[in-house]
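Presented below, as structure tokens, is a lone chain in the form predicted alone.
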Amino acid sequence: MVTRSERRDAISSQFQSLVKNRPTPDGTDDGDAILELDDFSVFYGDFPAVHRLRLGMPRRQITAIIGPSGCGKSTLLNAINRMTDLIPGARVSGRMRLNGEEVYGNRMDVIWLRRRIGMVFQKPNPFPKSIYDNVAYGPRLHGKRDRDELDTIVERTLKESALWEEVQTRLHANAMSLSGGQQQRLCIARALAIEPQMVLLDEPTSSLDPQSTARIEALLEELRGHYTVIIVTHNMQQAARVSDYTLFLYEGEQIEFARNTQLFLNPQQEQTEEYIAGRFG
């Protein structure tokens, strides 16, 4: 039988080369949380999909959410920009604050909230429009009409999403003509075009080939320090590679939330050890 000490050694060996001890972005510290959850729960009817979460997600760093299927990862992501408002029977309890403002408070403008929080889904979903119009869609929706300004936004965000060099000569081509990996980077550019404070990524590479996955992970490295990124992933190696912090959920419960240098190399909870060692999930 494998002892706990032997399992810890195996985990540390597996993730040692993946986990990076990255510096905190300038102007922030470990206690600088952009999103704070205090006894936060999401219910579907009487079922607690996520239950009594307590944590602060750090500003301008990347947080990964891991856990088995059905543990509440996507539910939490949807709750952050109030997509749960669209689900019949869904309700929340506890507190969620973005920059100190109550996300579910009576005075929260949901349109303003979703402008501050961009979202990219598991399957690339570009609009059946040109590449240019996909990126310009959000700024236009929020009142930007000047062509020079839109040109600047499109170029900036396509560069931020590492797509500009590939599409700059065909901005008016249909976005559906792009490869799957290019479409996903276009969706990230579309999310960045509204200048969000936070970007939510729900399994953004699960439908992509390894080369496209590597491009997305390299893009995330570029976004670090400029945006707060929260990524849901089933791939623990990906979580270790790309994120600064990781939240492990199991059956809607928060098991552990820590810097990657702790969670993957020296997990505090035995359940975390067993999960990242592949003993269940």
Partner chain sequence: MATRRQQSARDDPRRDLAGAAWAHEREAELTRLRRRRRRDQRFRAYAVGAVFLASAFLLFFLSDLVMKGWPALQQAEILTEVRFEPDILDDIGVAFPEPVRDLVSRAAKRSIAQEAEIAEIRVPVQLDAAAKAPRTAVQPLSITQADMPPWERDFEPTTIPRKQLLTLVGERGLDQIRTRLIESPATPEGATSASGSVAMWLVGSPKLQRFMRGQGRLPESLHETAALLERAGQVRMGFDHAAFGPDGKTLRRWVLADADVDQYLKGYDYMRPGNYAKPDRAPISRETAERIERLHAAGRIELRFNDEFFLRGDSKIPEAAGMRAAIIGSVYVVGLVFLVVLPLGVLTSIYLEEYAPDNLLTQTIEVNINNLAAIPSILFGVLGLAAFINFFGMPRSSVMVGTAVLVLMTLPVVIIASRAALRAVPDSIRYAGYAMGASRWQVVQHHVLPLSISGIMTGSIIGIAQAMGETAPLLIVGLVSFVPEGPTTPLDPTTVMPAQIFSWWSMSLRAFQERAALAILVLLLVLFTLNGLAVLIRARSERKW
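Positions refer to the first chain, counted from 1. Quantities reported herein were computed from a predicted structural model and do not represent experimental measurements.
If you look for the form predicted together with the partner chain, you will not find it shown, but the lines that follow are about it.
Interface residue remark: residue 138 is counted as part of the site for the partner chain in the predicted complex, having a heavy atom within 4.5 Å. Not displayed here, the partner chain is approached by residue 125 to within 4.5 Å at the level of heavy atoms in the predicted complex. Shown alone here, residue 176 lies within 4.5 Å of the partner chain in the predicted complex, counting heavy atoms only. Not displayed here, the partner chain is kept clear of residue 79 by more than 4.5 Å at the level of heavy atoms in the predicted complex. Though the partner chain is absent from this view, in the predicted complex it lies within 4.5 Å of a heavy atom of just one residue from 162, 96, 154, 194, which is 194. Though the partner chain is absent from this view, in the predicted complex it lies within 4.5 Å of a heavy atom of just one residue from 170, 114, 144, 91, which is 114. Residues with any non-hydrogen atom within 4.5 angstroms of the partner chain in the predicted complex fall in just one of 146-154, 100-108, 206-214, 114-122: 114-122. No member of the trio 20, 73 and 263 reaches the partner chain in the predicted complex with any non-hydrogen atom inside 4.5 Å.
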